[in-house]
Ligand code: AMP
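Okay, so here's just one chain, in structure tokens, the form predicted on its own.
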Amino acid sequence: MHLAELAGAAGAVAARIEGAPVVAVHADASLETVVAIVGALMAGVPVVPIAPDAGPLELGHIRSDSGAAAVLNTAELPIDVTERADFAPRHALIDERIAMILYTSGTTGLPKGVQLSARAIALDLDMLAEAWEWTPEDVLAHGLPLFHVHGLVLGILGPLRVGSPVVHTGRPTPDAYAAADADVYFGVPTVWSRIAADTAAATALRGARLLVSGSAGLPAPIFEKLEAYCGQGPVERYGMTETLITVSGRARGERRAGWVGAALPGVSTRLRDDEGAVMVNDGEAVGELEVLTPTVMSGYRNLPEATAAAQSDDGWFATGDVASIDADGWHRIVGRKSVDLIKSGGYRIGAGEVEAALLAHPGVREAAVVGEKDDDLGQVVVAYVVADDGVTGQELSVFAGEHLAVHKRPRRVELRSELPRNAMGKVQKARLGSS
């Protein structure tokens, strides 16, 4: 669909919903979803993308909490992509009105609605376009879901903001990416892992200008395979629904496996320890990452106390992620503070460092490390691993011991046929003990 056709189809949607307080969209990977989202933005109506596999409880909560008057792209309010209407946008992209409400799936409780302003979205896309040297001449390809920041904001609104074509592959398979013949590719680690394992598909991406990985940390072995087959390792970036993307590698800059780059222009970052003291940026110390950014959310919907708890009076947002920052401003994300900062015998251990050591073993395909309760040490390091046939837990314990300090070595390694993941490919560590 060309831009003029999209504007006409979205204009028809905008005319139908103008004046609604909020609308939701059944956000499957379809042209109808894109038309519905753009139509809501044109009408100045806050839009709530909903995962197509959302269950009745989740759907009911989101609709009630957001106050959505209707759900577009469903039988309730279907989308006709052939319909056309002239419609002048009812807002400016520099204003602070709520443009989008994205619901996060937290580890406890019902999802929280993250309210994002039009200005925050536009600013973030402009910062990324500069960092990635993204121009109208670039063709973007991805097959990511259209109800998250990565696939929707970056992967659909980004090309519209830049003026570049986008190819959505439906599913993010190696064959689909290889056939896309694009300049820029977006993917999550699971996608890049599958491409790295498919030599033909990886080689087909050699003509790309830029590969981008996000939504979770990319294991170093995958980065190295892509570098060998594609001629480049991906640029990694970091962000949250609440802040959008705040840290990234640059298109022409250095790319380091396991590191997500430096803060984007206009963004500041810092680390805090458990007592709230700001930590030194030496590339080794790990603490909770805080960001100060003009792209921060306008608050959690209907949750003023949660908003206040996450953001300080002077604007710093506590991400809940554990990271280290080196003297050059490069960031390495260890994981979530709640599950990836392991406190064992007085030591603070980042689960990501232990996972990286295990993934260096040629027979390990996936690894997830957690801290499990221990009466003596407080917590002990436990690893859950997907490995090739014949690889044993004892072998991996010894291997990790050759690469890590004694206090960081896994006390137990359990082999699994697979690790539980969510739609974006992130390991759900809370489910590991029962998986």
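Throughout, rigid core stands for the largest set of C-alpha atoms superposing within 1.5 Å between the two forms. Remember, it's a predicted structure, so these values are computed and weren't measured experimentally. Numbers follow the displayed sequence, beginning with 1.
Beyond the structure shown, there is the form predicted in complex with the named molecule, which is absent from this document and is the topic of what follows.
In the predicted bound form, the named molecule stays beyond 4.5 Å of every heavy atom belonging to residue 113.
Interface residue remark: residue 215 is counted as part of the site for the named molecule in the predicted bound form, having a heavy atom within 4.5 Å.
Of the heavy atoms in residue 267, none are within 4.5 Å of the named molecule in the predicted bound form.
Among heavy atoms of residue 311, none comes within 4.5 Å of the named molecule in the predicted bound form. The listed set 97, 84, 272, 343 contains one residue whose heavy atoms approach the named molecule in the predicted bound form to within 4.5 Å, identified as 343.
Distance criterion of 4.5 Å from any heavy atom to the named molecule in the predicted bound form singles out 238 from the list 134, 186, 238, 223. Heavy atoms within 4.5 Å of the named molecule in the predicted bound form belong, among the stretches 238-246, 301-309, 200-208, 126-134, to residues of 238-246. Contacts of stretch 327-343 with the named molecule in the predicted bound form, defined by any heavy atom lying within 4.5 Å, are made by 333, 336, 343, listed in sequence order. Once the rigid core is used as the reference frame, the Cα position of residue 342 differs between this form and the one not shown by 2 Å or more.
Relative to the superposed core, residue 30 shifts its CA atom by less than 2 Å between this form and the one not shown. Here's the thing about residue 341 and residue 239: their CA atoms end up at least 3 Å closer in the predicted bound form than they are in this form.
Wider separation of the C-alpha atoms of residue 263 and residue 350, by 3 angstroms or more, is seen in the predicted bound form than in the present form.
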